[in-house]
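Here we start with a single chain on its own, the form predicted on its own, put down as structure tokens.
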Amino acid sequence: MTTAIPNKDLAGQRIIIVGGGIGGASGALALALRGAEVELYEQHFEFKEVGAGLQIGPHGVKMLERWGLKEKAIAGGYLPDNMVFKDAVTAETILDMDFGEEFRERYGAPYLVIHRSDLLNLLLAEAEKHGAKLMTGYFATGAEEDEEGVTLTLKNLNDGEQLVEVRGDVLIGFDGTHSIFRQEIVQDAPVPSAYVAYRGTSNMENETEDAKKINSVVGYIGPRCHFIQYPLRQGEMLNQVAVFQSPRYLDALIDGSEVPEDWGNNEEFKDAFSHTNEYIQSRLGNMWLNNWWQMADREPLEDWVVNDRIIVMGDAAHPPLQYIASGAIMAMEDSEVFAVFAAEAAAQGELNWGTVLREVSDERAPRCNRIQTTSRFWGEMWHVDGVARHVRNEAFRQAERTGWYRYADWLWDYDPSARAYIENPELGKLPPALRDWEYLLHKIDRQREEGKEGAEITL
């Protein structure tokens, strides 16, 4: 894949984006690079990202390269030597994934970790440089299509919530997991995973000698928890994430009782890692306790098209669990696919927005659905206990001995120009050996529908 050269393929096309996170910023940049007139509306009064560290696999770095941001992102981020999985109980290394020369040749890019806000700022600045108009303090209330385009209605929060209307040829809803545009397609709700995340960063110069030696993405996994560490900002900062299953959430789900709003709170956090190794327990004092993130996704969405002028993308279409570190990258890929498909149609004199939106959905939905489903599976595999934990550890060791690339190729070796998932939607399905796997929360729901209660429900 080559770096995108700014062109005018979409000159004169007015594109509205709702949502100013990494997805919306990526969309603004990818389309502005093709000459589109882009207007982006963010409801908050400033552009910001929640959280700290973000892992960008080679499939994401290739998007940054296309947009001319690869070197800036690397300069502001960190290139880990490898990804190391360890058993959270014993601290034994069970899989070491080398990100060296062979990895880069295979996937065409390195593995990058970067601060979320740093990446967002890079994308926004570059989008603005190429002509995108970025507006904050505008809350989208709805949109209507007609034969000539789409009208977006917004509350201008900068001016007493005055209603304003904006016209465009097409609208992209990058408005997050609580998207108002997704509701036009499906009336669904977020699916809490029963897991909660605590985060924390520290200045590396104030860290222990052991922490200063970390040059990898390190993941201690299971049972019922995991702990992640990696450097940021050229090693100046250490990012840490502690995740565990909330007993209160799971008990309420099994009992059919009301789930407490503060599930995963500090009381649960205090005891959640008592079964893990001493190193993990020594690090928990570095986590922020005033905030925790109740992890949720949504059921995969087969069709992202609202109508011939409106489509949802990013977390509005496919909010994932974070286990394969591709949430932001999916939104970046969405943006590049949309821009490529639209620019190609325009260059051929055949730009029909209804057709373009359908093609984008047909390409992206199967891929993102597989990522969402695999994230659920991968999370359960991380967190197993008992005999399953020992089987998992041996499976990881075996993957290192026999070659782990075959498990990652489908994710990291992706070309947004190739239309691979349009040509073969089967690529969006789990491998045949995994298709009888049932997500834990689905299993609980099924048993309750079968009339089982409490102790009758098996996990």
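In this text the structure is predicted, and so the values were computed from the model without any measurement. So that there is no doubt, residue numbering starts at 1 and follows the sequence shown.
FYI, the form predicted in complex with another copy of the chain isn't displayed, but the following is about it.
Between 135-143, 309-317, 383-391, 179-187, the stretch whose residues reach within 4.5 angstroms of another copy of the chain in the predicted complex through a non-hydrogen atom is 383-391.
In terms of contact with another copy of the chain in the predicted complex, the residue from T208, N215, Q234, T90 that brings a heavy atom within 4.5 Å is T90.
With the partner removed from view, the residue among A52, A399, L69, A420 that has a non-hydrogen atom within 4.5 Å of another copy of the chain in the predicted complex turns out to be A399. Using a 4.5 Å cutoff between non-hydrogen atoms, Y407 counts as a contact of another copy of the chain in the predicted complex. Interface residue remark: L427 is not counted as part of the site for another copy of the chain in the predicted complex, having no heavy atom within 4.5 Å.
Another copy of the chain is not drawn, but in the predicted complex it has no heavy atom within 4.5 Å of W293. Among heavy atoms of F377, some come within 4.5 Å of another copy of the chain in the predicted complex. In sequence order, R406, Y407, A433, L434, D436, W437, K443 are the residues of 405-444 having a heavy atom within 4.5 Å of another copy of the chain in the predicted complex; the partner itself is omitted from this view.
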